[in-house]
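Read the single chain below, which is given as structure tokens and is the form predicted alone.
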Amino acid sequence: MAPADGGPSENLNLEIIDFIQNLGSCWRCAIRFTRERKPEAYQRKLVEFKLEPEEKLLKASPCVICLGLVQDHFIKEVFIDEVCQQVLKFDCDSATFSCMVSLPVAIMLREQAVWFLLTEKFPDLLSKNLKIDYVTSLKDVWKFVFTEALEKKLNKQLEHSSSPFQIHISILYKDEISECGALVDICPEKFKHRYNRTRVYREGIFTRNAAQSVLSGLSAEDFQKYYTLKLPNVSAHYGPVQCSHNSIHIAGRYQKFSRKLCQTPWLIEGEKHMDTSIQELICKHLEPFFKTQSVKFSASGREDVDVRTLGRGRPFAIELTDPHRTIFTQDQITQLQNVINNSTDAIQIRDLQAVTKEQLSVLKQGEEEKTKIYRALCVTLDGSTPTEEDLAKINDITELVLMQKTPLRVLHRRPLAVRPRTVHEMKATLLDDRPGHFILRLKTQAGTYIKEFVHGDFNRTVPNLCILLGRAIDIVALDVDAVELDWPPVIAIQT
């Protein structure tokens, strides 16, 4: 085996391997301490290395370092079968996976103990500048040994860090707590408060970060006062396997035709106030398709329940968390869009498509930067009809800056503040067949409260239409005609 750059010579490798094996180590852990990085070195015993003595195999003691995790005598195919069965139950169609292994903290202590013994044994050959991270990671070796079997049984390809499908395997050790007691002896102030804060330290009192902070910079003499390396009584074993997949993000635009429909579920003290919502009308079809049970709905602003959204609709995005179906085509998404549109008269959606997480920033930026076009049916409260001269006064106004105090109707859920908002332009048109009524079309900055601009909200919005026309005005109906945000991209074929 060729030594790694800056590593010890081949002769030293053999000496190190022999020394560590005599401590009770398996051959894979022994060559880890020579900084061997080649995967093939761990997949079979190399002829130039000394094989494990027969009596060690007969004794069948778990490796003094890895607790049997990568030790031939303790590696059983049934373990990998159990892991794979749990993964297959997740039923994810991803073609790739990444694998994370959580090791007992006791292994860190055992590695540190062997490292100190090794540097004491070879003080002239191993530089004092070398640290424990010189040793090849046990997690990497585990992957070297088991990757091929996992790929074959799962019918998926391993991608070490880039796969959206993650498998987390926990390795447990029965004597973890008793062995890690040495950490408390070494640094009692680090752990004494943890025993009373189990809700905070849900991963356990002894975490890898806590152990690392205690062991970092610790001398061999101080370490060996509290910890003595001993052969383990039991081997490590596989615990729970957790699977997850990165979220899938779906975007589109919706039109809302009902004046009795909220955007997201309206809950009052945990109970639904309305039968359904835009989110539910869309997501009840997305959830079974993507095999997910959790969604997060967001949109470029929101309209009131009694406000319609027309034109090309309002941009929205849905995060599908932990989906099990991850392979799909745009044609399938378009078919899903058609199913949604055929299921209700309350909404219609368009341009449904998958987007990346990074693309969602456009939706967020649009909440502040976009403009919206409204159409409001207004009425004078005294029944009088505004003259053409009255309407001409407001039709000539552009870039009108409003100072809007938080409306009374939303004060229970929004903080009290005065927000400047701009009406870029507006135009009023009388309705000949409805005395006292007129249509007001406005182009405004995002976040403008149109209803309050019309009726004034007890002059919490100034100026307002009542001030501009010199009479009391109220709003009968409101439509959003356009949300001027060119996102997501238009899908060429709409069926």
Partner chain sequence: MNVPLEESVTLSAKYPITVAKSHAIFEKGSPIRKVNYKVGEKLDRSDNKVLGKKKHGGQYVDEHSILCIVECEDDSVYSIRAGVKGKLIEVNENLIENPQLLFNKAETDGYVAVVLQKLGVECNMSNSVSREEYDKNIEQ
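Positions refer to the first chain, counted from 1. What you see is a predicted model, and the numbers here were worked out from it, not measured in a lab.
One more form of this protein should be noted, the form predicted together with its partner chain, which is absent from this view; the next part is about it.
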Look at the stretches 288 to 296, 223 to 231, 402 to 410, 175 to 183 and give the one with heavy atoms within 4.5 Å of its partner chain in the model of the complex.
402 to 410
Answer with yes or no whether residue 273 is in contact with its partner chain in the model of the complex, where contact means some heavy atom within 4.5 Å.
yes
At 4.5 Å between heavy atoms, is residue 474 in contact with its partner chain in the model of the complex?
yes
How about residue 124: is it within 4.5 Å of its partner chain in the model of the complex, going by heavy atoms?
no
Even though its partner chain is not shown here, does residue 414 get within 4.5 Å of it in the model of the complex, heavy atoms only?
yes
Just one of 427, 455, 37, 437 has a heavy atom within 4.5 angstroms of its partner chain in the model of the complex, so which one?
455
Only one of 78, 392, 268, 339 gets a heavy atom within 4.5 Å of its partner chain in the model of the complex. Which one?
268
Residues in 458 to 472 close to its partner chain in the model of the complex, defined by a heavy atom within 4.5 Å, in order
458, 459, 460
